[in-house]
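First, one chain by itself: the form predicted on its own, in structure tokens.
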């Protein structure tokens, strides 16, 4: 260990920054965020620092001395940063600070530093610092970026609640091991999920009830744990298939779940990101073949939650857009089962974006409609007059089988047969294929290409932009993008 990691309290204390450039501005900003009073010594200031000096909110907390550094500037300061970019001046600052035993950091010169400024993940009052001891600041920033994706922004609120109840918990559980057990259960259970979901009042009520629960007064740790058992269902949108499109909250809940109930549209790459020891239950639906009827899925979620399980209901796309998520939470609500809903990027947004087809565009479409083209009894029951309007984009889910009927009906109800149309197979993934044509030609082009679900159909003038705006190119050997009649 080259540096001993500590956290300094510099609130309302004087810190010195020597230098007036952009790097000095960055270090000044970090010190101000920590509550310091910053004195900048430099003949000239960069535009960022001049703007900072003019801010009324920092009046009295930042000062500039348009001078060349001298040891007199160290009087009364508790921390020094040298950021001049001049090796001679930076060395002078380091030596002068060292003689007075003042912590000093010299930017990009670890040999002259008595402390390193780390990359910081700020979830105040929770702070996480990543450092390479000055060996590679870029690597430290990359580590911070990785940590940012793993640590929810609401962890600060979680720590604030713990601080507010700390004295009461200590009074109720004077034995350290019982107190530790209590906090472990609280910070990994429903209370934490309520805070992270923004349900502050419910979280506070839960913590109050937990403190009063007789189970926590028992010497038997198993009774303590049993008192905390509470099942919950996480209804999570997995997006259109690309794992990079998962939300931070989805990732966090995927790592917490005891059981995952997933559908056919959840890609293997996303399923691999679920907690390794979680039980996996397939509940996929294909045309004319359902692994599990919807009513059975609803009942399964209720049963698992009542067993005290944390259940992840993982759905392709978004749970509330043709995902039957509303039906599932109706059942959960009627049974008093706690649940969370995590939106996902729906296929319309994801597949269209990766195909370079904007769903709205000032010159082509001022509205967008999502419909399902799922056939029932050989027919598609849609409001054709509403759909066949000009300057509108139509996005059709589950429409591959009924594509000839869909195109014919739209043409019969007023859209020109030359209206541009596209079909996207496995959108956002490496296997994406985009086929473009018109209402007249797309059904035949699709049949000749032997496309298979999952697919998404887009109808409207915006399809004309596909060739111009397409940015996503999967591996070239996949023959991923094909073009029909529309150029």
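Residue numbers count along the first chain shown, from 1. Predicted, not measured: the structure shown is a model, and the values here were computed from it.
Another form exists, predicted together with ligand SAH; not displayed. Remarks below refer to it.
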Exercise. Pick from 402, 118, 190, 316: which has a non-hydrogen atom within 4.5 Å of ligand SAH in the predicted complex?
Worked result: 316
Problem set entry | Listed residue that, although ligand SAH is not shown, lies within 4.5 Å of it in the predicted complex (heavy atoms), from 206, 354, 397, 234 | 397
Exercise. At the 4.5 Å heavy atom threshold, is residue 427 in contact with ligand SAH in the predicted complex?
Worked result: yes
For this session: Spell out, yes or no, whether the shortest heavy atom distance between residue 323 and ligand SAH in the predicted complex is within 4.5 Å.
Result: yes
Exercise. Is residue 442 close to ligand SAH in the predicted complex, meaning a heavy atom pair under 4.5 Å apart or at it?
Worked result: no
Exercise. Applying a 4.5 Å heavy atom distance criterion, does residue 420 contact ligand SAH in the predicted complex?
Worked result: no
Seminar exercise, completed: The stretch from 42 to 50, 451 to 459, 66 to 74, 24 to 32 that lies within 4.5 Å of ligand SAH in the predicted complex, judged by heavy atoms, is 451 to 459
For this session: Quick one: name the residues from 239 to 258 with any non-hydrogen atom within 4.5 angstroms of ligand SAH in the predicted complex.
Result: 240
